[in-house]
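First, one chain by itself: the form predicted alone, in structure tokens.
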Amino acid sequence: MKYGDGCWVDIEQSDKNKVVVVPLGSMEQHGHHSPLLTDTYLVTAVAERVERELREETYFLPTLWLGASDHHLDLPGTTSVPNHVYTLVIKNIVRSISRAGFQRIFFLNGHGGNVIPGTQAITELANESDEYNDRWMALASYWSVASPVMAAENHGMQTQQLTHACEYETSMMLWLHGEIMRMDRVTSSPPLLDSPFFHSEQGGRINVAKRMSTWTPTGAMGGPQHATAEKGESLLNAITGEVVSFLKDFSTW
């Protein structure tokens, strides 16, 4: 059910045990071939598919398209707020939903840069007030929730995991919005670092801070030239199923 389609009296009279889902996107560069709103398009598509399956059990807010993307600002088109501002935004979204009486809030994330400030927000709220002792606030990226079903071999992928403007994201965008993709301009940079402790595309055992233009001058990672719409359809179906399973479980917490 779409949260914004109700009037205030509908929200007042609603079942406050239903999960409220807030999709989080971004507007940032995605290489030479994929649009600025890639993360927003993808997380919105997942949310819409899940909403169709859980319409009577869950409320969905519109996707927050503005993300914490300062690390992409070197490449034109990126629109961002810094981490500390994003934390305040998420905290006030929670406060508003909580004030309406809802007990379970889940942020369905579609942009990696939102994870740290978003988690900071719900952590600070939990620590600040007893009001949240009986509420559940959670945040996760769709690729984290769906990680058991996103293995490369399940979808014919030539790269190992989702990164940025990569084979995975590009495949899903080809399935959803192929008409605005520019596959004639696909380019990506090789990994900047491949160490036993850290890989610049796949992460590792330590955290490293760099701007995206340092990691990849083209703005893209992870073999987007291998993307196909068929792989994208397969991924989206798998992701949707896992997010549905999580939300059904979350509703019982």
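The first residue of the sequence shown is number 1, and the count goes up from there. Note that this is a predicted model, so its numbers are computed, not measured.
Only in words, not in the display: the form predicted together with a further copy of the same chain, which the text now covers.
- a further copy of the same chain in the predicted complex comes within 4.5 Å of a heavy atom belonging to D130.
- In the predicted complex, N92 approaches a further copy of the same chain with a heavy atom inside 4.5 Å.
- Residue contact check for P117: one or more of its heavy atoms lie within 4.5 Å of a further copy of the same chain in the predicted complex.
- a further copy of the same chain is not drawn, but in the predicted complex it has no heavy atom within 4.5 Å of M150.
- Taken together, the three residues D70, R185 and T218 all come within 4.5 Å of a further copy of the same chain in the predicted complex, as judged by their closest heavy atom.
- Contact annotation for 43-77: residues with any non-hydrogen atom within 4.5 angstroms of a further copy of the same chain in the predicted complex are L61, P62, T63, L64, W65, L66, D70, H71, L73, D74, L75, P76, G77, listed in sequence order.
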